[in-house]
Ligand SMILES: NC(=O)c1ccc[n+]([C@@H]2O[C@H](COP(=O)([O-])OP(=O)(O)OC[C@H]3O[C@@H](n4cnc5c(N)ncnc54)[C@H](O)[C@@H]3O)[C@@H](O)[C@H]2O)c1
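Take a look at this single chain, the form predicted on its own, given in structure tokens.
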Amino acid sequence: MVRVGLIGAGRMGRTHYARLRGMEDVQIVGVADPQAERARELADPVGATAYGDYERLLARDDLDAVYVTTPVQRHADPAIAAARRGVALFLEKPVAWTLAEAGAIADAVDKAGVINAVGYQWRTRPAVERMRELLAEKPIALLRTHWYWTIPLVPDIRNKSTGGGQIFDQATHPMDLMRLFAGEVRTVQAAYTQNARKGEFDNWDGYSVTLTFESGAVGSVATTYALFQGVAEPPTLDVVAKELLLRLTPRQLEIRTPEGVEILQDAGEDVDSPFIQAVAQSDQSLIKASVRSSHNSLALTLAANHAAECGETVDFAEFVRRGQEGNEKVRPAVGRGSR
């Protein structure tokens, strides 16, 4: 039996809670949230203890793992505290609000040697593993993703000052897969605008990012908050190699070759089962996205925001280095944008 605590009883905390309480090998023993009533709403039905602060939850001596699902600005302190207590850590994405915080969390989990995972659930899909097999030994020419959406429905992420923008919060999923398939990024260029929804909210409504990779591949990212809820255009990631087009959407993988088209139906995202299994077996190799491996996926979204702000090509390795030094500009909430 894996005994789990939840830090954060909001939207994502409830999402993981619903999955965990259905697992026979999991016992939710505590829920911590500054809003005591929210903590009790989750704790009482499963016989867990509700806490007003995470320190009291982490003080338990029967805790095997903890989920940190607070707003991203409050990830660092509970994540580091859990690692120092020797408790396995599941951390929602993005890893942190700044690269300095993300580095501190990664250092803490590495030093403690605890099982750790980040909520990049796209990596857990069988279709992604199939893409990796098909791309083995094949140089990638192009990666292209788009994500068309409306004004964020969740208050915490609606404004860029608290949510970091669409690249930081949402497009981080396909951009993380870009790194998985093509390797590390070399340069980042970006232009953002607020042109269609001026005055409606404090965020950009159009995002365009261009990437080069150390492997020689190039990539593009196009996202928007200008559309409407229910727009019939799923987020899509295209990966192009010689005579091969792979198109990933939330429900399927389309494989196009000179021989024809193959459709692999796949909506199988599951980050919770592998994490619980990894904790039970003390096996980090079962984890698809660790804190350390996710650090540069956060860095990529921050570099895009910074490129849009400064209007210059960002050297990614240099950007990461400055972020690790705690450079105050390496954070998601930038000022002017590109327009």
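None of these values were measured; they are calculated from a predicted model. The first residue of the shown sequence is 1; numbering continues from there.
Not on display, but discussed next: the form predicted in complex with the ligand.
Residue contact check for residue 320: none of its heavy atoms lie within 4.5 Å of the ligand in the predicted bound form.
Residue contact check for residue 219: none of its heavy atoms lie within 4.5 Å of the ligand in the predicted bound form. Of the heavy atoms in residue 273, none are within 4.5 Å of the ligand in the predicted bound form. The ligand is not drawn, but in the predicted bound form it has no heavy atom within 4.5 Å of residue 238. Figure note: of the listed segments 137-145, 119-127, 221-229, 201-209, the one touching the ligand in the predicted bound form, with heavy atoms no more than 4.5 Å away, is 119-127. Scanning 66, 298, 304, 32 against the ligand in the predicted bound form with a 4.5 Å heavy atom cut-off leaves one residue, 32. 173 is the sole member of 85, 197, 173, 247 with a non-hydrogen atom within 4.5 Å of the ligand in the predicted bound form. If you take 57-85 and check each residue for a heavy atom within 4.5 Å of the ligand in the predicted bound form, you get 69, 70, 71, 72, 74, 75, in sequence order.
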